[in-house]
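Next up is one chain by itself, shown in structure tokens, the form predicted alone.
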Amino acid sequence: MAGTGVFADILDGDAFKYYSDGEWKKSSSGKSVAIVNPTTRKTQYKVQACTQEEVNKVMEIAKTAQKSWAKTPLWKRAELLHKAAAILKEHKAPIAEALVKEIAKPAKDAVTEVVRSGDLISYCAEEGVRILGEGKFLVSDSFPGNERTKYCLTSKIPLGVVLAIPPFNYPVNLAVSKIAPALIAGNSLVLKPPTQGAVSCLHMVHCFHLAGFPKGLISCVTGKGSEIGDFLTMHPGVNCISFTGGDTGIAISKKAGMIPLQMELGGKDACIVLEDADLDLVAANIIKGGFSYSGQRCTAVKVVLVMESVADALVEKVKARVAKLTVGPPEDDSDITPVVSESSANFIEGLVKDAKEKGATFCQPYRREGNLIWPLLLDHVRPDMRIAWEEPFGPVLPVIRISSVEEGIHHCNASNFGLQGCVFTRDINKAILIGDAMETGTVQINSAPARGPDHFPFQGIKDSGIGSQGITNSINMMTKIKSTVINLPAPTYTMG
């Protein structure tokens, strides 16, 4: 059970504590923030409403702890990360339970997220030892006009304090995807979890605590974004921000100042289906890509652009698969579970109503109970409908029929998003040509969009983000180059 056993220290009464200076603490505000269970729509958990003064203290401690951590041998950092990964996987059950109750993630997927997160931490430890254990040696006479009078040694050094802000849909996995690279690189880490997902994050942080990381190196502050959100992202003690979420990231990028930013801000991932595509493969990937975790994924298929000649056949195949999706509570491992909040459900419903008013074909009747929305395929969607462009983050998928490949590419590229896209065809030459023309950070050929495996580069363009994620890219992004130049009194050549 969440908050019991080895996790008893993180709970005080009915409210979970925040983590600072190696201890679990109650906020001096005396206030808490409620976490509503998406399924019951009742308060499930409470977390501390931290104050700005407590944030200041966390930043001060993090800065001090980082100085010592930077002197910790690389093998020792990796050893502690491996230990944290093992503890996390050992205690996957209570963490998965929290994911089920606070974000309505199906039970089996919740367990998978925790295990995947442990694997990510271990891989990051190994990759960090390889990347950070190497440097470069340059000599001056490789550039015209110079003799060999200078030796340049370059290495990677930590940035300082990294602020990590994960989203609700993968609060554990996307938190550790920021925490592990930051720590192996020698940084300290301040985590601001999402409200929905905060309890899962607090349990995950306790696993790092149990692993024996130095006091103050990792902090986790909870509270209302309106009170500590801007205060955190604009704090002078922050040396790097890694954020995954929505439009808030654009605002953060404008306020953060001259520090490295790593951001993934959503997408409208297009699926282009050509006439020669394997339609059974396409239908299976549309279901997986468009409806897993009720469509609440940045890399979900969010619009299908299918050639008119095969559209009828594809829609029928997808309809048949939609009919087999189970709908219900996450505890039952339902395929479709309640979306995260009532406001999210209302937004999705607004897109559906707009599509209905403008003449979209409903392949299933629209049905909603509370936050639970039944899967819905919308055919004959046109570009003047909101659903053609806006990200529903729910189990509603539009189909736009196209008469040419160029039309599909144009629709994909006209979006303000550019995270991922996919192309289905048996012709690899066409696939490469179309993929190169799509303005997205990643193109999947004959598969639905996906963030993983976690060591693959993951990035968006346009409003979908800044920088690139993936274990290797994150480690590199959370370091900076330090050069040491040795100046020689006279030119010197090896064996010369």
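One rule holds for the numbers: they count along the sequence shown, beginning at 1. Since we're looking at a predicted model, the values are computed, not measured.
Beyond what is shown, the protein has a form predicted together with a small molecule; the following relates to that form.
Colleague: Is it the case that Phe208, even though its partner is missing from this view, gets within 4.5 Å of the small molecule in the predicted bound form, heavy atoms only?
Modeller: Taking the distances in the predicted bound form, the answer for Phe208 is no, it never comes within 4.5 Å of the small molecule.
Colleague: Is Ala450 one of the residues lying within 4.5 Å of the small molecule in the predicted bound form, judged by heavy atom distances?
Modeller: Contact check for Ala450: yes, within 4.5 Å of the small molecule in the predicted bound form.
Colleague: Do His82 and the small molecule come within 4.5 Å of each other in the predicted bound form, heavy atoms counted?
Modeller: Because no heavy atom of His82 falls inside 4.5 Å of the small molecule in the predicted bound form, the answer is no.
Colleague: With a cut-off of 4.5 Å between heavy atoms, is Cys298 one of the residues that contacts the small molecule in the predicted bound form?
Modeller: Yes, contact at 4.5 Å.
Colleague: What stretch, of 320 to 328, 222 to 230, 169 to 177, 279 to 287, brings heavy atoms to within 4.5 Å of the small molecule in the predicted bound form?
Modeller: Of the options given, it is 169 to 177.
Colleague: Is it true that Arg116, Glu264 and Phe458 each have at least one non-hydrogen atom within 4.5 Å of the small molecule in the predicted bound form?
Modeller: Yes, the whole candidate spot contacts the small molecule.
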